[in-house]
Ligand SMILES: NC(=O)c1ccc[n+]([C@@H]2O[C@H](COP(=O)([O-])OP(=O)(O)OC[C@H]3O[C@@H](n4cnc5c(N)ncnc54)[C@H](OP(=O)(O)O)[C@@H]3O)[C@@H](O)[C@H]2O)c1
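The data below hold one chain only, encoded as structure tokens and taken in the form predicted alone.
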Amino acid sequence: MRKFGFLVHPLSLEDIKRYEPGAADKGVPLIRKILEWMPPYKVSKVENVVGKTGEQVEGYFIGIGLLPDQMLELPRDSVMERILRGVDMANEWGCDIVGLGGFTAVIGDGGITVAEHSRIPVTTGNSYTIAAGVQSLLRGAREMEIDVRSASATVVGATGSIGSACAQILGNYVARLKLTARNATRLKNLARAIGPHVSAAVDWTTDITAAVRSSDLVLTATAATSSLILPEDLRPGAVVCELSLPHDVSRRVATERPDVLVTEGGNILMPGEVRFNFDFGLPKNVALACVSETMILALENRLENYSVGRGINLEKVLEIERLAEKQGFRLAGMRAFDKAITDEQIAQTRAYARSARAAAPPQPMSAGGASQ
């Protein structure tokens, strides 16, 4: 039976306390120091991953015990050494392909260095994350009665591998597309590159707040470790799709903006009855899109470096979307802030949005072009 490995790590101190209740009475500095000392380890064995075609695989979740900010702040060589050790463990356990989850896909060059040193193929899972993110945002627009063809959209983190690909796809759905990130030069180059190939009017800015305030639809795909999207910045009735972990959207939005729909974009419902043998805080048979891509490639016997590097091949995004459908993987129910969103809650949000839009002053039209 083919096997896959997938690297995971805690996203917050709350994660650590949930996974290891004994950590609750320890101080934050001690917890962080323990994490720095921890070697990679086996989190769980994943069993009974059965595709719609009847193919079956199993695998391992492998823990890299560092928080996101530690991965960014500690010496790169030290962090990379742990990631490569985790990949070696997957190989030693007979895995045929390994996926890089969370910030293990962010460090360095998007998996290229890991792939060069790995004895088995590597993927970041970004292709399916992109496909699922766009699907989730468009589903949210339908639920909130937004006419996508006349809508304004913003991609936060647009110059990253996930953000840039999402922008290229969304640019052929919406009327106006704004790209935002920290680096003005990269934004300008991206806007020039995709502008001729999309139907939307393309604009860019380094001012995230201004971009969000001008948009009906917002997709976030950053490597930030703190909230970027605040309740006061969102347009009445807006939809926000998060592809970032930790979350880019402030939890204040949940209580202060009942008219706004926030959805986690990368949650996938898997076929069959999968046994993760570990609680990741997701519903039964639901996995992140990056994990799902790794599983799909193993099911399809596509044992190759797939989503690797900063640039994403849009053909692979479309291909993994087709393979996911073939194997019975599909969008899971909506979630926001780590909780499920019921149909009743969506209906209530939609009603609040109608009232908020009716009370809001008219929004000025945004022309395409460059801005700072």
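Everything numeric in this text was worked out from a predicted model, so none of it was measured. One rule holds for the numbers: they count along the sequence shown, beginning at 1.
Form predicted in complex with the ligand: not shown, discussed below.
- Contact annotation for the candidate site: I146, S152 and V198 all lie away from the ligand in the predicted bound form (no heavy atom within 4.5 Å).
- The closest heavy atom approach of G160 to the ligand in the predicted bound form falls within 4.5 Å.
- Although the partner is absent from this view, N126 contacts the ligand in the predicted bound form, with a non-hydrogen atom inside 4.5 angstroms.
- A residue is said to contact a partner when one of its heavy atoms sits within 4.5 Å of a partner heavy atom; H117 fails this definition for the ligand in the predicted bound form, lying far away.
- Taking non-hydrogen atoms only, R330 never approaches the ligand to within 4.5 angstroms in the predicted bound form.
- A heavy atom within 4.5 Å of the ligand in the predicted bound form is found for one listed residue only; from R302, R139, R186, R213, this is R186.
- With the partner omitted here, the residue from L261, I83, I296, L288 that has a non-hydrogen atom within 4.5 angstroms of the ligand in the predicted bound form is L288.
- Picking from 252-260, 272-280, 175-183, 88-96 the stretch near the ligand in the predicted bound form, with a 4.5 Å limit on heavy atoms, gives 175-183.
- Taking the ligand as it sits in the predicted bound form, the stretch 306-333 comes within 4.5 angstroms of it through a non-hydrogen atom at just one residue, R310.
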